[in-house]
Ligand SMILES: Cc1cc2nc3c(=O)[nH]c(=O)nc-3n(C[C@H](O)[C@H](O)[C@H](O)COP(=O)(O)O)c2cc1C
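Starting off, we have a lone chain in the form predicted alone, written out as structure tokens.
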């Protein structure tokens, strides 16, 4: 199926041209977050203009609990997308997470494919990112340290993607002994380390496997957003892989289910909610359900394919939607929002 670089460009093409969003691939009606309802406060006794969406994450101040999720890198086309994402994140003072940096670790891509060389200012929070399975395919602590030194990132993500690798034509599927390798290497990584899924979320059984790891936090990336199973199926020239992609398009733990389980098991760790979050109300609901931040990827990729201004416009729209959601729930800031009530099918949380 071609080189690592051609694969990355194929991913971009499919994301921008095919129906790979959960609600579309699975013929669902509406967003799974729509099943949950925040309590409306008809008498908030607040001035909307005075509401604060600012938050502190890893001791870094952000203008909102919002992260541009991991996407792409390692190609000329990806470099242009990342340039726009970085410019917008810096301008709006939110976080950004880089796409998988396997090619950077292997020395097959240059730094500018991921982080623009010339920026007037840098985003306040930057995550680097690498597939955990690469620890079984030659990646060492030195590779990870090199990525961190080159990117000057604030935190590092190991992503878990067994379903994607299983369907990807050139996938790396040896996940054996990986938990022990993560347990050994994470304490040696010089920045805070997070674990994330890539669209299938975390079951309670998996979360319990993570208890022994020295993690700063977890990104949910649950079922409900982009289906990487379907993306890899669409990439494949083999009919069996295409059928696998369709069959497993809805596989995984729903984002909200994963989020609730994660917060219960890890009451002190940072949690990033992602997977089907599409607006400021979804962000607000995620915060009330236990997240410290919310991440979106596909909507930002679509905006970045147009311009930096389109990304900035999306960020500001999301922030304003969050502010209004806070206003009509009576929350004056993000800490106050965490205390609000939410229900599903009229049952109290």
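Residue numbers count along the first chain shown, from 1. For clarity, every value in this text was computed on a predicted model and none was experimentally measured.
The same protein also has a form predicted in complex with the named molecule, omitted here; what follows describes it.
- Of the listed positions (133, 115, 71, 88), a single one reaches within 4.5 angstroms of the named molecule by any non-hydrogen atom in the predicted bound form, namely 71.
- Screening 64, 297, 287, 311 for any heavy atom within 4.5 Å of the named molecule in the predicted bound form leaves a single hit, 297.
- From the list 92 to 100, 165 to 173, 185 to 193, 204 to 212, the contact stretch for the named molecule in the predicted bound form under a 4.5 Å heavy atom rule is 92 to 100.
- The closest non-hydrogen atom of residue 245 lies beyond 4.5 Å of the named molecule in the predicted bound form.
- By the criterion of a heavy atom within 4.5 Å, residue 144 is excluded from the residues contacting the named molecule in the predicted bound form.
- In the predicted bound form, no heavy atom of residue 156 sits within 4.5 Å of the named molecule.
- In the predicted bound form, no heavy atom of residue 281 sits within 4.5 Å of the named molecule.
- For the partner-free chain shown, just 129 of 121 to 158 comes within 4.5 angstroms of the named molecule in the predicted bound form, judged by any non-hydrogen atom.
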